[in-house]
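Quick setup: one chain, the form predicted on its own, written in structure tokens, and binding and motion questions come after.
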């Protein structure tokens, strides 16, 4: 499978790229092509040093999406909306995975959903011809980037297209010790997105770090 990670130069992008690269072609997308290529080279070297063969390349966001079967939106909410507008001409049959969480910080982090109810629905309304799935909002980037670590967490996956959701669940199973859970339709993303600021605030209040979600 060919996977574009938009915002792939960030830590979540790095973790997903390195976790998937042994089985899939990965395209790191960025507004800055040189930055994307540098990141791709770094990830490739990291995996090669571990004896893992991989194909990771850097490209513009548009070129990455044009090549991809799956496109991961790993950018802040405001940036995601502008990026979607720019990519609309090349978004056709791809599955789009949204990690996007609309939130702001006053004293504490606050979930600030759009009128649609959540970022995933807003994105789906912008690109109705594309299958949008929401996932990976509450994975710790530190744990994800530590390839020696078993993350031991759950990922709730929401979407309206059963086949597309299954693709994302299968990708999730490839991340060692992460369990995919079907969270229902895309509208349920509001519950999962809102957990992100809640977990951040709870970590700050209690002096914790790298919190995730595990259902028991």
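Since this is a predicted model, take the numbers as computed values, not measurements. Residue numbers count along the first chain shown, from 1.
Omitted from view is the form predicted in complex with another copy of the chain, to which the following refers.
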Partner proximity in the predicted bound form: residue 66 to another copy of the chain, non-hydrogen atom cutoff 4.5 Å: no
Is residue 143 close to another copy of the chain in the predicted bound form, meaning a heavy atom pair under 4.5 Å apart or at it? yes
Is there a heavy atom of residue 195 lying 4.5 Å or less from a heavy atom of another copy of the chain in the predicted bound form? yes
Is the gap between residue 32 and another copy of the chain in the predicted bound form 4.5 Å or less for some heavy atom pair? no
None of 57, 152, 38, 161 but one has a heavy atom within 4.5 Å of another copy of the chain in the predicted bound form; the exception is 152
For the interface check, one of 43 to 51, 57 to 65, 24 to 32, 181 to 189 should have non-hydrogen atoms within 4.5 Å of another copy of the chain in the predicted bound form; which one? 181 to 189
Mind listing which residues of 193 to 216 have a heavy atom within 4.5 Å of another copy of the chain in the predicted bound form? 194, 195, 198, 199, 202, 205, 206, 208, 210, 211, 212, 213, 214, 215, 216
